[in-house]
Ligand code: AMP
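Listed next as structure tokens is one chain, alone, in the form predicted alone.
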């Protein structure tokens, strides 16, 4: 690997072999033991003794509060499963360039163990270099990161760095075999690269990211902050403050001027290594902020290199969930909205409400002018209710239950195919989503209503599965339940009508993720949707409401 340092393993073993196998940490409210593992044999023995899923937090030591948040997140239950948390402390020589600080990187195992245990680590693995990379430099495999992912930001300025990161993480994952891997969003380029590494290799581990953790002044926690003196720390604060101003101005509709921002940061006494605006997932340059964008910088403050970033967006995120009737969109959309703290927009209920009103007024579906007049005069409202259900009112009448009747269900596809109805409701839905911050479901949300949604999902299931769900819904609502074969035939016919209408037909958006829910319960579908959301929207842009 070019530009990687030659190193003497004996002189760079991270910690002496005399480290104890466990450490007791006593605090104000706790007294716990944490196992210290030194070898692969120690690790294998510890793994064999675990009865719970394993959460893994890889670090290079010199732990701080940012690492603590990773450990706390890892400790949390996932789908009601408790994790045992393993923290690795390994200063990886492969990710240091020849003029970088591998030999001087701060190492203090006692302090690291105390902090990791305080935040909830169950075990710490601190192997030597030879334990991870036995033999000489030409004796082990190395990963090559795709050039597009490291053509910008730190990848361009630190050749071989991310190859070293990918190599050690793939090795650690194969040895630890965790269920969950927790990484920080502060090193965003590294996070994107490691997520793709795991996807490409098909490694059976769930990646959870944690937003950048900052001190009370806004400086991102970093092991290299130890190198800053008090005056340099004050100077370093101008970087996160400048990025935060850019993010605020973008949300207010102002155009980002990268040259001006570069000059502003330089005037504060920082040497800018790079300042780039990129697509946050492709890590390629963009020239506008119409979509979620990554604004990232690396600077020199004295002799210390610092990185930071922010995300630019002109509105809050939108999730658009399309799919055929009976796919369970309403149920899971409400749950996802609640979990993420987003508003829930049930567009299907809007079409049902209009269908109910047309039926109540006895208007013929061929009478376009009468329907247009009805729409002009109708007042349609969606209101959250303390029960968790969304109330649907039309002309101030609560029709929440009435719009779920079989009579409305059988007619809604025909009404939804009417051009004047779709035009009126699509316009209203776009107005509702102008500022974002919502989850919307329907038949054309990702294609017609919110084509620029951060996440688009086509949620579906087999016609038989949907017929079974419809049967259960009718039974619970007290309606007469047709036989399953008839219900399935009705669903197949409704799919045909929805997919073949001339205006905004039911189709999967080109960039939508398809999620087939046969055999999945509600919790599993919700978890899958949250995972897809996190692939698109970072925690620091929109954290879960429960976090």
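Numbering follows the first chain given and starts at 1. If you're wondering where the values come from, they're calculated on a predicted model, not measured in any experiment.
The form predicted together with adenosine monophosphate (AMP) is left out here; the points below concern that form.
Trainee: Thinking of 158, 300 and 303 as the candidate spot, does adenosine monophosphate (AMP) come within 4.5 Å of a heavy atom on all of them in the predicted complex?
Mentor: Not a single residue of the candidate spot has a heavy atom within 4.5 Å of adenosine monophosphate (AMP) in the predicted complex.
Trainee: Given the stretches 430-438, 214-222, 458-466, 375-383, which is the single one in contact with adenosine monophosphate (AMP) in the predicted complex, using a heavy atom cutoff of 4.5 Å?
Mentor: Correct option: 214-222.
Trainee: Consider the chain as shown here, without its partner, and state which of 168, 357, 193, 183 has a heavy atom within 4.5 Å of adenosine monophosphate (AMP) in the predicted complex.
Mentor: By the 4.5 Å heavy-atom cutoff, the listed residue in contact is 183.
Trainee: Report whether the minimum heavy atom distance between residue 105 and adenosine monophosphate (AMP) in the predicted complex is within 4.5 Å.
Mentor: Residue 105: contacts adenosine monophosphate (AMP) in the predicted complex.
Trainee: Evaluate residue 59 for contact with adenosine monophosphate (AMP) in the predicted complex, applying a 4.5 angstroms cut-off between non-hydrogen atoms, and reply yes or no.
Mentor: Yes, residue 59 lies within 4.5 Å of adenosine monophosphate (AMP) in the predicted complex.
Trainee: Would you classify residue 187 as touching adenosine monophosphate (AMP) in the predicted complex, given a 4.5 Å non-hydrogen atom cut-off?
Mentor: The answer is yes: residue 187 has a heavy atom within 4.5 Å of adenosine monophosphate (AMP).
Trainee: Report yes if any heavy atom of residue 496 sits within 4.5 Å of a heavy atom of adenosine monophosphate (AMP) in the predicted complex; otherwise report no.
Mentor: Heavy-atom contact with adenosine monophosphate (AMP) at 4.5 Å: absent for residue 496.
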